[in-house]
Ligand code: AMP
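This document starts with one chain, in the form predicted on its own, laid out as structure tokens.
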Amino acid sequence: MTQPRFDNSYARLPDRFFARQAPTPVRAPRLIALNRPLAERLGLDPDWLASEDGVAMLAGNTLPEGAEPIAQAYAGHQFGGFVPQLGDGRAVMIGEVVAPDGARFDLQLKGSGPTPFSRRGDGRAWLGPVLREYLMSAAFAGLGLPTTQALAAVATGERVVRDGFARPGAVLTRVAASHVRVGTFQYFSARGDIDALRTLCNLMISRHYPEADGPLSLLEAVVAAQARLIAGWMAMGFIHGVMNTDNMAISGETIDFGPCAFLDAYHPRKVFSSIDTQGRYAYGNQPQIALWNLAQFASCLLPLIGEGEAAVEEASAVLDGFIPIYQGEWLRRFGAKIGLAAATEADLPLIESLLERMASEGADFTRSFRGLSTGRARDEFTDPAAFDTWAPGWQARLGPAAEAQAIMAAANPIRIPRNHRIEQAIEAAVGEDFAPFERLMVALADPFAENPDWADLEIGPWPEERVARTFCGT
């Protein structure tokens, strides 16, 4: 095929769910990156997407037949404060594509110009955040974590003013199982629109959780999906940075890679996001914030679940299931990271002791865990004695050496998108050198594979390379 074939279920909902909004054309679109495997997964022709006509679509300059561009409405708690109207302020969903296997995906253009939800913003994106999201979502796919993905990045040939500087503009094509968020439900809950809540509930069941038979079982499915997702974040040392309710997808995918980052030196209170001044979304706080967000989702569903105290009790019982699901998945993942095929609660002190020592000794998160299988973990500790006094108990717990090695190799990546490498790639790209970005993309496609050509990408930053703050980029 050449162009996408759309079946736009969300655009068929009542108009109060969105604003119909075409992308704003750009001056000189130029393809920067194209995710060919993802294009093929969607049933799209990557060669057509890379053509002049395809790039024009990816930039928002033209719309293929069947596209129905919309900006979705949603609300959200931002750093704990409720905002009754947010919405897509710099993104337009051009339509939904049904893949050859029947799976449905949204195609959204980020940085495509102002919408009715822009709140006086220009609706554009500059190159830095576009490349960051492209790299981060590709890394998540390589790590096997549920995620939205970038299909393409296109330079616009225009400048975008941010922080007083004119920066090169870009548009990202984001692919998601859907873009419905906790904040989408909050938008209609705040307006007392029960019919809209029921419509959203039914849509999410049919699209993501067909085994669910109503709002309570939808809540149960979303709670389980988010518990597993956050445990995956924690196991890879990922900090989202802005876990507002409008950034929690009902599908259970990671969405909105803004001021996100992966840990270098481990510490549970680590924060990178420049806007998280109080540490609300620190690495170690992410599980409890996820549960808080899910509680907001549950409150939206209460009118559909039942009446009065009985509905509250039913929803609360479902929310109570988050902690055991999360803890079970966390234990499974961290047990595998130290080579245990089936970790039990009796192994918690062993894992927690290692993490405490890593925090006190400035040990690199990724390299320490990977080093367990290479004999180099102790080199990551400021005082190797901290590791040496932990290791005998660990070694006594391990099973057969070959089995433990294989478990650790599958659980611990060699490479992550380190903050300083991303910044270096962005800085080079601003100067029209995309080689560092392209090299990083190739290396992150298989983060578990040994490759001496990428050895420099495994190393943490030197003091002068450390990135203390990451930025949203909007």
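Note that residue numbering begins at 1 and tracks the sequence as displayed. It should be emphasised that the depicted structure is a prediction, and the values quoted were computed from it without experimental measurement.
Beyond the structure shown, there is the form predicted in complex with the named molecule, which is absent from this document and is the topic of what follows.
Peer 1: Using a 4.5 angstroms cut-off on non-hydrogen atoms, would Q226 count as touching the named molecule in the predicted bound form?
Peer 2: Close contact is absent here: in the predicted bound form, Q226 is far from the named molecule, nothing within 4.5 Å, heavy atoms only.
Peer 1: Does Y74 reach the named molecule in the predicted bound form if we count a contact as any heavy atom within 4.5 Å?
Peer 2: Yes, contact at 4.5 Å.
Peer 1: Spell out, yes or no, whether the shortest heavy atom distance between G89 and the named molecule in the predicted bound form is within 4.5 Å.
Peer 2: Yes, G89 is a contact residue.
Peer 1: Quick one: is G95 in contact with the named molecule in the predicted bound form, heavy atoms, 4.5 Å cut-off?
Peer 2: Although the named molecule is absent here, G95 would stay clear of it in the predicted bound form, with no heavy atoms inside 4.5 Å.
Peer 1: Please state whether every one of the three residues N202, S206 and E253 places a non-hydrogen atom within 4.5 angstroms of the named molecule in the predicted bound form.
Peer 2: No residue of the spot touches the named molecule in the predicted bound form.
Peer 1: If you check N285, Q78, S353, S373 against the named molecule in the predicted bound form, which one has a heavy atom within 4.5 Å?
Peer 2: When the named molecule is considered in the predicted bound form, the option within 4.5 Å is Q78.
Peer 1: Would you mind picking the one in D246, E380, D276, D106 that has a heavy atom within 4.5 Å of the named molecule in the predicted bound form?
Peer 2: That would be D246.
Peer 1: Using a 4.5 Å heavy atom cut-off, indicate which stretch of 294-302, 310-318, 120-128, 390-398 touches the named molecule in the predicted bound form.
Peer 2: Residues of 120-128 come within 4.5 Å of the partner.
Peer 1: Could you pull out the residues of 161-196 that have any heavy atom within 4.5 Å of the named molecule in the predicted bound form?
Peer 2: Heavy-atom contacts to the named molecule in the predicted bound form: only R162.
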